[in-house]
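Next up: a single chain in structure tokens, the form predicted alone.
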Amino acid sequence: MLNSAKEPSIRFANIIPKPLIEVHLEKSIFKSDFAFECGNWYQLIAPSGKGKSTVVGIITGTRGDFNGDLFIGEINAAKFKYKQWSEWRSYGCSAVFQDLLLFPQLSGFENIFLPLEIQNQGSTKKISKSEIELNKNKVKEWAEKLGILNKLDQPIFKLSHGQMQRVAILRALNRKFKWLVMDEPFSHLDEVNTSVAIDLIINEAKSQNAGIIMTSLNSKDLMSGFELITI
């Protein structure tokens, strides 16, 4: 089901995060029946502390401290075992977390290619050497556009936060996915790099016919083609 050709919808069925039970929240994603539909793009707007990162954690299965139900496709994620969550994170959703979760001792290149290597190991249809070479060239083009090509051989801990953020974006794009889920992915980027990153994200999502869920602090960053959701 999760590894099907069609990207599954993601549905919040009366979900309320336990840390936010006493917090006043508008009835949008939380406290309602809300579905992120297949192939659509969503931008979630909310100030700090109102649940943006929690949404990303719930969707990726890294947070389970909530009441209500999460449905991925037709399946209630409460029934997921480790294998199903691993499959979902490997083939279903690709994420940029607010704390990035990069491996500091690995280089930028190694971080970017690690998820693709894991996908390749778990797939019966292996990626050929020629495909890998084409993929490397694509990543180099992306990195050059974002101004970090000369940084990718360095260990992550030597990079600035903005450079790390760009590596995390490229890592998320450099794999197969049905949903791209990103938590404030441009918070440390200037306007030029933000614009370049948005173009890369949209082009890759289109090429994979994937949905996008992206969080932002305010509506001034609203992007064309995205449905605005206020939490």
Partner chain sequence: MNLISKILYKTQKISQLISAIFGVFLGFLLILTSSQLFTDFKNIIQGSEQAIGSQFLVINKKISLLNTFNIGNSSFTESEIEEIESNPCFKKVGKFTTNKFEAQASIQFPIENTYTEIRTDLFLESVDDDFLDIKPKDWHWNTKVDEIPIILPNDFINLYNFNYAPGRGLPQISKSTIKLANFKIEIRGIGGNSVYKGKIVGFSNRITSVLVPYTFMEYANKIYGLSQYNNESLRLIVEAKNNELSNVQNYIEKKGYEANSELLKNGKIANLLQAILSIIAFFGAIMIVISVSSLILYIQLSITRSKFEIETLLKLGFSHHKIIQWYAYKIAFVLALVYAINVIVLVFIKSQTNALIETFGFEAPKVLNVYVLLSSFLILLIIWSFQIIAVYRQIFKLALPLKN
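Positions refer to the first chain, counted from 1. Quick caveat, the model's predicted, so the values are computed rather than measured.
From this point on, the text means the form predicted in complex with the partner chain, which you will not see here.
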| item | value |
| --- | --- |
| The partner chain contact at residue 135 in the predicted bound form, heavy atom, 4.5 Å | no |
| Touches the partner chain in the predicted bound form: residue 142 (any heavy atom, 4.5 Å) | no |
| Proximity of residue 81 to the partner chain in the predicted bound form, heavy atoms at 4.5 Å | yes |
| Proximity of residue 121 to the partner chain in the predicted bound form, heavy atoms at 4.5 Å | yes |
| Residues 64, 102 and 117 all lining the partner chain in the predicted bound form, heavy atom within 4.5 Å | yes |
| Option touching the partner chain, based on a heavy atom within 4.5 Å in the predicted bound form, out of 149, 75, 106, 159 | 106 |
